[in-house]
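One chain comes next, on its own, written as structure tokens: the form predicted on its own.
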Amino acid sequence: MATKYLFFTGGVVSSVGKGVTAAAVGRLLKNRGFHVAVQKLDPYINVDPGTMSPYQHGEVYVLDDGAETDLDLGHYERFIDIRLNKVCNVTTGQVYAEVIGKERRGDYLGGTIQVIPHITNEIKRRIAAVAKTTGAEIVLVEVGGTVGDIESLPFLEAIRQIRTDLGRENTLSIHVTWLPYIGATAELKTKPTQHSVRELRSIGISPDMIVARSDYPIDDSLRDKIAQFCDVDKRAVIPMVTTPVLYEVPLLLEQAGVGDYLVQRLGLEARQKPDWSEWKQMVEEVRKDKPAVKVGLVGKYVELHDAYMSVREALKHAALHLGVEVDIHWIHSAEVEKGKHWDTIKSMDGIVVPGGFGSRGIEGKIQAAHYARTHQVPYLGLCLGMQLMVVEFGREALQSDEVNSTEFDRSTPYPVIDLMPEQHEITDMGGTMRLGLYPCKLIPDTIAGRAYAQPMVEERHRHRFELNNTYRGLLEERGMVFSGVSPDNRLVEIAEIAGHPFMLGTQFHPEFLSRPNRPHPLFTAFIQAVCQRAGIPTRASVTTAPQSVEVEN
């Protein structure tokens, strides 16, 4: 069949929920037997978010092929249970870099380079590449930002052209808007949605479906009004009231008839009856009252929780699997250095130190690792969190506060963490780290070995520094266990502390492969240890395998 395209745009305000909506729609279509893929078009001029501060754009989500992407791709992968590739995130920076590179090589034979057709053609080429590289039958394309933003115009023009080229039977436009609530009159207003649709139509795109987001119930009279003024079938005006359970969104869309409407509108027939039993059970489990464990997330970007989106979700997935609630306490590592938050840290059942870059707050993370080690508190270190666990242990082993990573102290006499050899000559910062999926060989009868219950796994990486093998033997003699290594034994991938109930760090980012109905085994093992410390019984732990998902090559 011809590839079908769904285009998602946003109106009225940013952060309206386009990414979650697109991910949920993808799940609806997958549950009907279709092969889907999702692409995010980001209007910013950065080539990718890899060099952007998490305060600017939340976490950087890494794919199997090493692409550093927008956090919405995490929503896509978690909801739909697929694994995407680098063509699934496109930025203005990538588009212009490609076009300018062609111009410099003379590919355009002296022609004048313009937004139309050259920039829009490049955008169209990248949209078409998703189906070619993944084999997807239905491609969902989300346009970042809000209709009316000047930087989004080339993407919207490209979409307009695609709709003209492929016809309405093969394309569908979904506009996600916000209905503001006026407290003084206790009413929701549709006027901003009407203006947003008018703006979209002035560009040449008439939405086929409007998803109306709100914090309050949306009655039929409002749906009638939106349908009338925005020239959309009432069946295609979908009320989407904010839910405290993120993973309930696909069920709400299914209940609203979105899946059947889309299949009918695209001229398709569902290959199977959608089975939501497992998903409903998961959502019901989330809503149940459960005993709670307290986990302190000691990071440097904790003011913006989206900076640790995948870590937060992976903790929730594991807790749900074990029948408990996880109460995450967001602890700023720079303030820990100043003596703050120690009462909170001491009250935690477990500690997570996630990834990050730069020297700010590093000593606070090391202090948190020290407390976890000396007080037998379950500890999970992710990338930088593993490196600082090694630094803390190295200071004890070598009896010196000068033990450090060369990332933070280039003159340290004890560089237990050092720059990877292949990184020494690199000057560009973007896309030059050790990125993407790499194999890890597991050592039997270790925490990691028991958690994975298999000899070899593949995990996603994003780092420049690694454990310095010069100190590997010394650290092992003092009680550090290297339970995961590269197949050639050259790189340490997982480190543990012998005799500790659970103190484990990974050089990779296991959070990127966790799924709501299949949590990552290391997070499950961590939460299990946290529950044991808190004296809370759990359901029998079942080993999960995050690698066994549909892969988009």
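Start at 1 with the first residue shown and count on from there. Just so it is clear, the structure is predicted and the values come from calculations on it, not from any experiment.
Absent from the display: the form predicted together with glutamine (GLN). The rest refers to it.
Stretch-level contact check against glutamine (GLN) in the model of the complex with heavy atoms at 4.5 Å: of 136 to 144, 383 to 391, 298 to 306, 270 to 278, the positive one is 383 to 391. Heavy atoms of residue 355 reach within 4.5 Å of glutamine (GLN) in the model of the complex, making it an interface residue. The closest heavy atom approach of residue 462 to glutamine (GLN) in the model of the complex falls within 4.5 Å. Residue 40 falls outside the set of residues with a heavy atom inside 4.5 Å of glutamine (GLN) in the model of the complex.
Glutamine (GLN) is not shown here, and in the model of the complex it never comes within 4.5 Å of any heavy atom of residue 337.
Proximity to glutamine (GLN) in the model of the complex, taken as a non-hydrogen atom within 4.5 angstroms, holds for one residue of 407, 199, 208, 363, which is 407.
Taking glutamine (GLN) as it sits in the model of the complex, the stretch 491 to 522 comes within 4.5 angstroms of it through a non-hydrogen atom at just one residue, 509.
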